[in-house]
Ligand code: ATP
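Before any questions on how it binds or moves, here is one chain, the form predicted on its own, in structure tokens.
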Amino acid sequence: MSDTNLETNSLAPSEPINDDLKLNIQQTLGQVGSVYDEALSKPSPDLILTETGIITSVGGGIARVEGLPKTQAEEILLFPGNVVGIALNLEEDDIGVILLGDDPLIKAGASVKRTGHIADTPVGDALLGRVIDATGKVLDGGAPLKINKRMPMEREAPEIMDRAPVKVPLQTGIKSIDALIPIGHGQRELIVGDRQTGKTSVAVDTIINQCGTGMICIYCAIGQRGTAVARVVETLRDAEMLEQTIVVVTSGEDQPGLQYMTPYAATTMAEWFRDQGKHVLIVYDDLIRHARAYRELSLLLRRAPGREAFPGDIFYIHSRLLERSTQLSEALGGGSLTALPIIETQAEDISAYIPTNLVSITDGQIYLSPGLFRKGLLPAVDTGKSVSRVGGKAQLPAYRAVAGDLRLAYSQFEELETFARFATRLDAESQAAINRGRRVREVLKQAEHQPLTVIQQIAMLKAVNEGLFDELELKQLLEAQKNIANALEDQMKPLATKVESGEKLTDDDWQSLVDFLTEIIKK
């Protein structure tokens, strides 16, 4: 009986819909219709076509990717965790990608997206005074960069006809370099030496000496310790040079791909200023770590190893980097990019594979001797092994007048001093040459991070050439040079202006300078 009633109730007609319910239904349908009509009236967004590949293997900063056959060389690929990779090996079956970061989501089976963009880096005035990496990531704890302009990391070097001769001097503020191994705007001068011989100090002193000249400086640290880079940044800040310097950093803990791309990115940042007619100085510290990072990548990518396991194109990666440094012609704005690459040798072996490659690419080298460093002869520049292939063409006339015979005389003194150790008695002429040479060596000494002006250097070299220091004891030379430097600032400004403008000094000018120096030294 209960089952029958249940069935009867379930089949009973539903209650009639009242007017209020009908009104609510009509209003709801109207709202849905208006939303639908509004959506149809708006233009539909364009469909975005994204090519996606699959990671087949990951390890050592390298990823193998399948399924992206249209990828370009050096194209940016986007990995999980927004990690950027750059396609380096384009093979028939897969792609070898160097990773510029790391993330636990990057593993075999994960998806990779094409971006269609070639590897680039930010450029612009906003980079000045900042510490960043090759991708533009801020490392100094400051505000993020607000830059819309980006340029490819890899760019072609200027054509031969777009270049001008190197003839404008670049003053380092170091006596032994400006007098004997002159550097010009657009030159590539290699700094080579063993570990802990002062290579970075020479480069940083050169940057500090550009204070007030308007030259833009870039310090590119490749695989350096964080403490070493922080020390350089503090030195530049104390010298008030950080505001016209860009510090591009990659540490030894970073992926080898990031270490490999860093100098190319730094050069692109420099080229942006150069193309606007400005003068730029870039320091690569150092390229042996860059070569080792590229060797690591090449071995992981299964490229054929050559001498010392370096790949066959190790020469090319440095030549195409350094060839971008040049002096542009006036038709292209007259800007210049001067490079000071640093290379570390082992056991004074300048004939090793990578050092000889760089010596052949660059326009000269500054060799820092461990023996001179241990003797306290700082900067430890070995004038015999150092050379500038530009020479006097990028040197002020006043330098040529005081340093013309200085290099030869100093070399002869060093040889004579060596033989004098075995002699019991020397003739008066040899003894005078040794005494003069020792004073030249003392004058060429210079404290770290204390660059000298042009007139200060010329005055000290002129004093030692004229024999004005011969009557002084060696320990008195430091105080005499300080007195000369201080007095020049106040009393010889017209002569300093004439020297720095590139004018040749007359005999009367030289005589007035000698008289001035004689009076200072007598005091």
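What you see is a predicted model; the values in this text were computed from it and never measured. Residues carry their position along the shown sequence, with the first being 1.
Missing here is the form predicted in complex with ligand ATP; even so, the following discussion is about that form.
**Student:** Just one of Arg114, His318, Arg295, Lys199 has a heavy atom within 4.5 angstroms of ligand ATP in the model of the complex, so which one?
**Tutor:** In short, Lys199.
**Student:** Hey, in the model of the complex, is Gln446 touching ligand ATP, heavy atoms inside 4.5 Å?
**Tutor:** Yes - in the model of the complex, heavy atoms of Gln446 and ligand ATP come within 4.5 Å of each other.
**Student:** Is there a heavy atom of Pro379 lying 4.5 Å or less from a heavy atom of ligand ATP in the model of the complex?
**Tutor:** Contact check for Pro379: yes, within 4.5 Å of ligand ATP in the model of the complex.
**Student:** Is Asp194 one of the residues lying within 4.5 Å of ligand ATP in the model of the complex, judged by heavy atom distances?
**Tutor:** Within the cut-off, so yes.
**Student:** Is Phe373 near ligand ATP? Define near as a heavy atom within 4.5 Å, in the model of the complex.
**Tutor:** Close contact exists here: in the model of the complex, Phe373 approaches ligand ATP to within 4.5 Å, heavy atoms only.
**Student:** Quick one: find which of 394-402, 69-77, 257-265, 200-208 has residues within 4.5 Å of ligand ATP in the model of the complex by heavy atom distance.
**Tutor:** Of the options, only 200-208 has residues within 4.5 Å of the partner.
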